[in-house]
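In structure tokens, the next block holds one chain alone, the form predicted alone.
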């Protein structure tokens, strides 16, 4: 590779400019990598606490549903839940974290989750449905955070690769090429000086 390099001063100046540009790019990407890491840690902390909360709420909801089933006739349970009147829709917006496009979810709910008469139903069913309704907010936020974490992690991985390529491949190769050209120019300068001295000796003789 180095044998095909033009050992000229113009090439030396061009490579030095490339080193400066690569170094600035490496610095900016390193800062981006560090900030993405920080953002991913913050999101991960939120996910940890949210997941625990969601698991607790869903376990409580399941427990309440089991109690409701135990205290109701199967046909009454089926009839009570057969015609839902609660409607849920999600609006998706987008924000940016270090130029990474991440989703923001907004919940829109209409109607009542309790859509049956109370003559043949258990109070445990009411409690179970209301607990499920409360869990929606945390479930949606958890889904949002996990998607954000995934997208930020992908960007972080790509940024790390770019930083590593610049740090361990591009910049060292440029420095090696610059040293090669500098040595060639110095050698040519020494040869030229030696020739001039020989010419001067011939003239003086």
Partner chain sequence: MAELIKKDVIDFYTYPPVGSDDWRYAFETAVIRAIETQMLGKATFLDMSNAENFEAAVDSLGASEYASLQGKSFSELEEILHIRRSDVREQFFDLMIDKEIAELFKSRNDFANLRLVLRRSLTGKALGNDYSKEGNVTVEKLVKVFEAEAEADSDTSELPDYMREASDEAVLAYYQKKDIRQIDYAIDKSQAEYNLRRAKQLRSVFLSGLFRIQIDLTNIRTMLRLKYTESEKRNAFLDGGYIGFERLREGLDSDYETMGQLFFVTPHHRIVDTGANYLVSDKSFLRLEQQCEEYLMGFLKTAIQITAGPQPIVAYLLMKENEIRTVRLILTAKKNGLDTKLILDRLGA
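Everything quoted here is computed from the prediction, not taken from an experiment. Numbering follows the first chain given and starts at 1.
Below, we turn to the form predicted in complex with the partner chain, even though it does not appear here.
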Check your understanding: Is the gap between residue 63 and the partner chain in the predicted complex 4.5 Å or less for some heavy atom pair?
Key -> yes
Point to revise | Contact flag, residue 142 vs the partner chain in the predicted complex, heavy atom cut 4.5 Å | key: no
Check your understanding: Looking in the predicted complex, any heavy atom of residue 114 within 4.5 Å of the partner chain?
Key -> yes
Check your understanding: Is the gap between residue 103 and the partner chain in the predicted complex 4.5 Å or less for some heavy atom pair?
Key -> no
Practice item. Mind telling me which stretch in 31-39, 169-177, 66-74, 152-160 gets its heavy atoms within 4.5 Å of the partner chain in the predicted complex? Key: 66-74
Check your understanding: in the predicted complex, do 123, 127 and 130 all reach within 4.5 Å of the partner chain through at least one heavy atom apiece?
Key -> yes
